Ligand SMILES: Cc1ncc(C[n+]2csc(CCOP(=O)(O)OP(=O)(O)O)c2C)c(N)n1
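Listed next as structure tokens is one chain, alone, in the form predicted on its own.
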């Protein structure tokens, strides 16, 4: 993405939380920003990369991205790192020592929690890292606060020489609001100053830093008490007061506009005296936090009488339709019918792969191969667990397919002896955390077949570049990993490494069927680009010849969303039963001509589309 001149100071811009953070990072004089793509955090670095006067990179994983930011902060420059919540699990090794060394230049770590599980495998609460790593946590409630708190976080980071966690959630990351912005203020680092006792964390040095960390905790708690980010809104209805943070604050204000509220923008360390001040104003205190009862537990530990998860759910967003019934029950009231918000009935729309996705042929083939146990991974190809393929048996975390597959092999019981073990992983995920797992399979002589799906993009998060596709963050040429050489260097025998075209179903089927029978590790690499990146080139679209289609549905099993079943009439059977007749049509306007549906079609009813009108010629047409 090319750098552009940002909007001038005092502009009011319509920004998502991610865009607001990116603007604040640039204005704060940050020199280095690093991340690995992960929804809902991805857009932060994408937008940062469009600003001038700083360095931004997609790192191979979150741990590396944090380490790059740490190095820049050690050199006295301001640095920024962002990731989704599960990404911090990967980066935590560096984080837990960083808390002892501290930083020189300001370092802000934005962690995006996926409250409500929009696109994640769990709903963990990243505020725990503040407690675990003894770090301050800021929690914005909207885009303007995300912008302001990011700038404040850099100031705090340098004041206390500590990294600051900016805890966001999907609702803040992706919802847009008006944000008033300022100018960039350059920040020049003094350069790295050698201090081995601080920056070389051997046991003898680390032990001396721990008391300093505890001393910093006390200073931060004192600072939190007076921070303008923590404030009380007195309210007029004193029956219930709320202690809350982040977007939950917005929900509380919408549901109970007259209630006293303590808003925690600087939520860790918890300002206990502020909490006592709020408690003195009201009859009862309810802690509204998404998702874990962290503040609630800490307040109960100091003897403050509060309610929280006794009346509120421990998962999902705490929206007004959740809060109102809970508080009404607490007060012994009924919620008026006009205020009861029932969830709207929604027609089920399960996620699926894109039209002509190179993974479609892989999962169609896997669904046809019998006696397989398939360990899956994180990416677009996780959708292979769904209909119509049902071709994944496990999915845990980034890169886990490798280790899980080896464990399935080594731990197999008597009933599993005949089962073949296969692991599926994408190119970016393999580079992120899969290489070590494959090395472990080779080293420990596992009987596992690995399907390495190289679609030349971090597909699930929007097609970002990675070391496997030959392009850098800005689209510039970069070294491209040769996956054949890489897996061979990890110990896979050359004769057990195959590169195949996933659109050639007979070759793919034959290769998989043969390799799963081999009693040693083998790797099958598919090498076709994601249909949404510039390396993909469309071909002539296909259409269904109605007179030839028997409605057998073999093409439907491929799973391409461009293929639809339609009703074409009824037929009366000899026994008098009336049955619907179906046929298949292809949305020719979106078909890319990959040919996957043609191959399983028995009656040869799918042919290249021939436009029959000027409108079809321009728009691509549709044989509806």
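A quick note: this is a predicted structure, and the numbers were derived from the prediction, not measured. Numbering follows the first chain given and starts at 1.
The following text describes the form predicted together with this ligand, which does not appear among the structures shown.
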For this ligand, considered in the predicted bound form: do all three of 169, 246 and 320 come within 4.5 Å of it, counting heavy atoms only?
no
210-218, 84-92, 311-319, 409-417: which one contacts this ligand in the predicted bound form at 4.5 Å, heavy atom to heavy atom?
84-92
Checked 121, 297, 554, 193 for heavy atoms within 4.5 Å of this ligand in the predicted bound form; positive is 121
Interface check vs this ligand in the predicted bound form: of 79, 137, 264, 458, the one with a heavy atom inside 4.5 Å is 458
Partner contact for residue 428 in the predicted bound form: this ligand, 4.5 angstroms, heavy atom:
yes
Even though the partner isn't displayed, in the predicted bound form is residue 127 close enough to this ligand, meaning a heavy atom within 4.5 Å?
no
Just checking whether residue 38 would be counted as a contact of this ligand in the predicted bound form - the rule being heavy atoms within 4.5 angstroms.
yes
Partner proximity in the predicted bound form: residue 379 to this ligand, non-hydrogen atom cutoff 4.5 Å
yes
Using a 4.5 Å cut-off on any heavy atom, which residues of 525-546 would contact this ligand in the predicted bound form?
none
